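A single chain, nothing else alongside it, follows as structure tokens in the form predicted alone.
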Amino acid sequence: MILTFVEQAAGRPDRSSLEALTFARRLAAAQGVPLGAVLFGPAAEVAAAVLGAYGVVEAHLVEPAGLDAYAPAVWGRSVAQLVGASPPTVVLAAGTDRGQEVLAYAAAMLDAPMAANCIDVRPGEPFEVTRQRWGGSLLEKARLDGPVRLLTVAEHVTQPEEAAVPTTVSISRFTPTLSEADLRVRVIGRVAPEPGKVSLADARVVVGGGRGVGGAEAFSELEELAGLLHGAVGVSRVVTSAGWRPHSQQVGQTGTRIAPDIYIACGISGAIQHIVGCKAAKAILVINTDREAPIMSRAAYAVIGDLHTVVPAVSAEIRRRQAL
């Protein structure tokens, strides 16, 4: 079996996990083995019930007594013990912060090899993977030796696709053996997003701003455009470092990796760390006075001009057309 760690919220599997399941299903078909899943947290059973559309035949719901919130050592140990009970050939997760952390814990506890941010796998002996390094600027081929291999799938490389023939999901419950030490790090609270705000990770349109915006107050122009397009505002690292916008809006290697239909980059030069975060966008529109900015090489469209002239003009045209 290939076991996939599926992240979910309120009974809805995350997009990145659906990408990982699609990747895992193809690998399972190549190996001639079934596809399984492991889920944690409240509403896990609701999320598990929809995984048949992606070819999952067995879902394990982990139920550590009295712990519903995320705790990396608990989740990692749970995966490790589940693997020990019925060893799969491969354990997969999405290459999210949580997916990387849980599988790293599990790999350490199993003393098993792990490869992060994989984009391709050639099963067999040796088991060979191709993975992204240095923010995707380098591709590395690696071999994993061991009875169980753990790997994470690079985000936004695989499009989530449902299976041609849905399966019936068998649901089982698993209670791991834990210690107090496993609970030293855990989530104890959450800050809810503002009602009505579009999530940066899920937005189909992202309006990004960099140093060229000029200051915190000037982002009102980008917020207006994002609102008219039912999108979200994203920023470069220099913007968060200057304190103009919160880190939750940062697009990049150390921020959120986005995959919108269009990314409108305003006043952003395009450092490699930022490109890592936005390269999965279907199209990039750049608004910049510098025609030599590195991000221009990634642009499908570009407007050479002052963003403080261009962005309000675009917003005004959208409002005019909406009023017709």
Partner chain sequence: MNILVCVKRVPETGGRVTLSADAREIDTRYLGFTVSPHEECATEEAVRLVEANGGSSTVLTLGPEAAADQLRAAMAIGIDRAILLETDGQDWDPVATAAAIVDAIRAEAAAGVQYDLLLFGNEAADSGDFQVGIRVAIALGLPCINGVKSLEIKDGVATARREAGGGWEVFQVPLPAIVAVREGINLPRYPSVPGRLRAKKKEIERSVPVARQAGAAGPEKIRLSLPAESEGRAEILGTGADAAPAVVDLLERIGVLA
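Numbering follows the first chain given and starts at 1. Whichever C-alpha set is largest while still superposing within 1.5 Å between the two forms counts as the rigid core. Predicted model, so just to flag it, every value in this text is computed and none were measured.
Missing here is the form predicted in complex with its partner chain; even so, the following discussion is about that form.
Colleague: Does its partner chain, in the predicted bound form, lie within 4.5 angstroms of each residue among A115, V185 and V314, using heavy atoms as the measure?
Modeller: Yes, each of A115, V185 and V314 comes within 4.5 Å of its partner chain in the predicted bound form.
Colleague: Okay, which stretch from 229 to 237, 165 to 173, 213 to 221, 85 to 93 lines its partner chain in the predicted bound form, with non-hydrogen atoms inside 4.5 Å?
Modeller: In the other structure, the partner sits against 229 to 237.
Colleague: Could you check which residue among I262, V46, L67, L61 gets a heavy atom within 4.5 Å of its partner chain in the predicted bound form?
Modeller: Contact check passes for I262.
Colleague: With the partner left out of view, is E125 within 4.5 angstroms of its partner chain in the predicted bound form by any non-hydrogen atom?
Modeller: No, E125 is distant from the partner.
Colleague: Decide whether L144 counts as a contact residue for its partner chain in the predicted bound form under a heavy atom distance cut-off of 4.5 Å.
Modeller: So L144 counts as contacting its partner chain.
Colleague: Even though its partner chain is not shown here, does A80 get within 4.5 Å of it in the predicted bound form, heavy atoms only?
Modeller: Output for A80 is no: heavy atoms all beyond 4.5 Å of its partner chain.
Colleague: Answer yes if any heavy atom of R98 is within 4.5 Å of a heavy atom of its partner chain in the predicted bound form; otherwise answer no.
Modeller: Judged by the heavy-atom cut-off of 4.5 Å, R98 is in contact with its partner chain in the predicted bound form.
Colleague: Within 4.5 Å of its partner chain in the predicted bound form, counting any non-hydrogen atom, which residues from 300 to 324 show up?
Modeller: If the 4.5 Å heavy-atom criterion is applied to its partner chain in the predicted bound form, 300 to 324 yields A300, Y301, A302, V303, I304, G305, T309, V310, A313, V314, E317, I318, R321, Q322.
Colleague: Rigid core aligned, does the Cα position of Q249 differ by 2 Å or more between this form and the one not shown?
Modeller: Yes, because once the rigid core is superposed, the C-alpha of Q249 moves 2 Å or more between this form and the one not shown.
Colleague: After core superposition, I'd like to know whether L229 moves between this form and the one not shown (criterion: C-alpha shift of 2 angstroms or more).
Modeller: Comparing forms between this form and the one not shown, the L229 CA shifts at least 2 Å.
Colleague: Is H308 one of the residues whose Cα moves 2 Å or more between this form and the one not shown, with the core superposed?
Modeller: Yes: H308 shifts by at least 2 Å between this form and the one not shown.
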